[in-house]
Ligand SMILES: C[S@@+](CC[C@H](N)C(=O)[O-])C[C@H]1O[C@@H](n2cnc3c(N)ncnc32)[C@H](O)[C@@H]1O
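One chain comes next, on its own, written as structure tokens: the form predicted on its own.
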Amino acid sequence: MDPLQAKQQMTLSEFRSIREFIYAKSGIFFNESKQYFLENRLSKRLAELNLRSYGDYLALLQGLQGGPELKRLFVEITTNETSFWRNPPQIEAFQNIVLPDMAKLARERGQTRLRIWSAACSSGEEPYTLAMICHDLRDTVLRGFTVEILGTDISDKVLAQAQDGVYNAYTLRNLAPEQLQRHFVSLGRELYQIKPDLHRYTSFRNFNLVDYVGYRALGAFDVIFCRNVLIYFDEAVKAQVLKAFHAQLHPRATLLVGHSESIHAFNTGFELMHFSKAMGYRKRA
């Protein structure tokens, strides 16, 4: 293949067709300022697959053999900037307010299991952060409870990283040295691995947030984290996702979204919760 073909420009028509396909499959919407982003991310796939145009690539995705490439597409187009203890005020609100409240409500329902969903969990930093908190509270706030933390993402690549539980010093930068020592094993070269105690709280699976039928199979949750994800959806998809979250939460359970995201514009059945320097949403009973 001519190396120049790997840098072939994406036409506006090709961009719009691929954008519509991505939107239909994932709910992620790219405005026209993102044409270069898609071209940059997908040009490598054209070269690797020996395809002559982005139209040919779309035809592959739409064909009978498109399933495996669709998974690869999701890997290429999703961004996965994250870290442990991201947005500390919200994490601390979860630790000090949300979790005790959810334990109290579960006891009132006669349940001894708490379920937390980290939606779009990327490479696992968020679910493991939550596992650290739950592990530290196992003999106090969570005495007598079993805690299950489900991490889901659309990208198999980041889910494999989450399963491995190996992280570099940069993504661990928000943790105190004592937390690092308590919950991780040093592998050298500034790499650290999650200890087995935290693995026992977590499970990971591929899940597409626009698979509205699939939500029911996930079961009911006490807390859903979906942070810095809704910004990638248009209002129609956002409304559907929020409706699905609402259906999967117990009464008076909690939804935590990104600090720059708001669901005020949607009649979602949630009420705003104010924390110190953070906010969340509670499902109305």
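The first residue of the sequence shown is number 1, and the count goes up from there. Treat the numbers as computed from the prediction; the structure is a model and nothing was measured.
Missing here is the form predicted in complex with the named molecule; even so, the following discussion is about that form.
Practice problem: Run the contact test on Ile28, Glu81 and Ala120 with a 4.5 Å heavy atom cut-off to the named molecule in the predicted bound form and return yes or no. | Solution: Each of the three qualifies.
Exercise. Could you check which residue among Leu242, Leu255, Leu46, Val229 gets a heavy atom within 4.5 Å of the named molecule in the predicted bound form?
Key: That would be Val229.
Quiz item: Which listed residue (Leu99, Ile133, Leu209, Val147) meets the criterion of a heavy atom within 4.5 Å of the named molecule in the predicted bound form?
Solution: Contact residue from the list: Leu209.
Quiz item: With the partner removed from view, which of 171 to 179, 193 to 201, 99 to 107, 150 to 158 is the stretch that lies within 4.5 Å of the named molecule in the predicted bound form, judged by heavy atom distances?
Solution: Heavy-atom contact with the partner occurs in 150 to 158.
Exercise. Flag Arg86 as yes or no: does it have a non-hydrogen atom within 4.5 angstroms of any non-hydrogen atom of the named molecule in the predicted bound form?
Key: Close contact exists here: in the predicted bound form, Arg86 approaches the named molecule to within 4.5 Å, heavy atoms only.
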